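A lone chain, given as structure tokens: the form predicted on its own.
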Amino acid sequence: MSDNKKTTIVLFSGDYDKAMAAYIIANGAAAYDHDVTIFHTFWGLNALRKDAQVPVKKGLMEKLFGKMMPRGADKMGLSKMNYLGMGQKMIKSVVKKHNALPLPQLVEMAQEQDVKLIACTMTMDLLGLKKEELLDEIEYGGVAAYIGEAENGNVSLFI
């Protein structure tokens, strides 16, 4: 067990701004020598989806979910003021203007800082997501994986 403090985040939301906040907190905690875990479940899994379509065999419902969900962190909409995607373009413009990192780069930074990214396997099954459709070098687990990370945590967040 590490002597570092531990931060765990459940990323449930599929909203760009909420996922961005989760990754900003995660990267900040990692910079302060916390062991950080982000458990991605339900719509939060979209932050881990690859941008490109990956050919995998799916049933009808799985295909429908796949088409309705955004493909990758950069395609996620805003929680408020999305306005058919205009809000997302506006927030990305503001992020760029202020030299802040957009969500895809925050995800990369988290991986570089050894933030543990866990994809919820139960939700993957429910939504028909396959491992091939998600980013490389992430982990997979269920509720027990999250509880195992969170039970000795100093900070736990649900976003």
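A residue's number is simply how far along the shown sequence it sits, counting from 1. Keep in mind the model is a prediction, meaning the values are calculated, not measured.
Beyond what is shown, the protein has a form predicted in complex with a further copy of the same chain; the following relates to that form.
Contact check for residue 29: a non-hydrogen atom falls within 4.5 Å of a further copy of the same chain in the predicted bound form.
At a distance threshold of 4.5 angstroms between non-hydrogen atoms, residue 132 is out of contact with a further copy of the same chain in the predicted bound form.
a further copy of the same chain in the predicted bound form is not approached by residue 138, whose heavy atoms all lie more than 4.5 angstroms from it. A residue is said to contact a partner when one of its heavy atoms sits within 4.5 Å of a partner heavy atom; residue 91 meets this definition for a further copy of the same chain in the predicted bound form. This chain lacks the partner; the member of 114, 51, 108, 125 within 4.5 angstroms of a further copy of the same chain in the predicted bound form by a non-hydrogen atom is 125.
Residues of 15-48 that come within 4.5 Å of a further copy of the same chain in the predicted bound form, judged by any heavy atom, are 15, 17, 18, 20, 21, 24, 25, 28, 29, 32, 34, 42, 43 in sequence order.
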